[in-house]
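Before any questions on binding or motion, here is one chain by itself as structure tokens, the form predicted alone.
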Amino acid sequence: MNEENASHARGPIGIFDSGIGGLTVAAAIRNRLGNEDIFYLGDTARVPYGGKSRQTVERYSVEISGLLLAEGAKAIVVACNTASALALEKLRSLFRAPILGVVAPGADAAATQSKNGKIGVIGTRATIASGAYERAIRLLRPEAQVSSVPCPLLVPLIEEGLLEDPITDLVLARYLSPLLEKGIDTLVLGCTHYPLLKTAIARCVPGVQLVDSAENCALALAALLRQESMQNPDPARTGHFRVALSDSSDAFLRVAERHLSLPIGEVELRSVQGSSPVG
């Protein structure tokens, strides 16, 4: 590796989400690639992206990606299901840096792991309405029977820190029982918040394999960095972790910090509107 390539490989992994839920993806990446620097940007000023037009989501994603690349990011992870579904093609057409979303890794894992081809997907209303997981799964496994359920109450429960609470268990049972009736053997957690409920979800769907999009995204990123020879050249170092938000944080930031064991220090406030594409 020449000096220029080595310097680029030392750049951070840029991760963005419409809010703070994507910290589950950041945590999975940090656990798997602990020597890599990570710069996480949550667009809390404009959350949620769900319900906004494709053009708007593309514009937001381009602005944030431009900012991350200006910070020296060597790769970008779109830790937002809505942006992964609507903006990846646009981002890849504009930027040279490798760009990875959360939908394809999760869909690939589900298509590969399911034994009976009956796969469930849970997510926000916007993600389920986009049909992104269904399309991605059927592209890999055309005969798959994919059943999707929107779960709008889960994110508020998670952000309130009610991860192990009878109310959460009741809500999960209501959402998941139709999927169990359809005989699914694999369930995709199609929202970046949902890995925080993995234990509770597992109780509700005994015997069903859970596909954690965050963990599968981290696996896909590790493979991508190897393929592109972009791993940080110092395997013994401990990577730096930075968090920036486009508006002041809320209580969920500390819920995520506690349950994900992330070293969130001082949070930066960054303006992303009008950021020009770089890269």
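In this text, residue numbers run from 1 along the sequence as written. Rigid core: the largest C-alpha set superposing within 1.5 Å between the two forms. Source: prediction; values computed, not measured.
Absent from the display: the form predicted in complex with a small molecule. The rest refers to it.
- 155 is the sole member of 155, 91, 205, 144 with a non-hydrogen atom lying within 4.5 angstroms of the small molecule in the predicted complex.
- Proximity of residue 66 to the small molecule in the predicted complex: non-hydrogen atoms within 4.5 Å are absent; the residue sits far from the partner.
- Within this chain, residue 81 lines the site of the small molecule in the predicted complex, having a heavy atom no more than 4.5 Å away.
- Proximity of residue 192 to the small molecule in the predicted complex: non-hydrogen atoms within 4.5 Å are present.
- Within 4.5 Å of some heavy atom of the small molecule in the predicted complex lies at least one heavy atom of residue 47.
- Heavy atoms within 4.5 Å of the small molecule in the predicted complex are found in one stretch of 29-37, 47-55, 225-233, 210-218, which is 47-55.
- After superposition on the rigid core, the Cα of residue 52 moves by 2 Å or more between the shown form and the other one.
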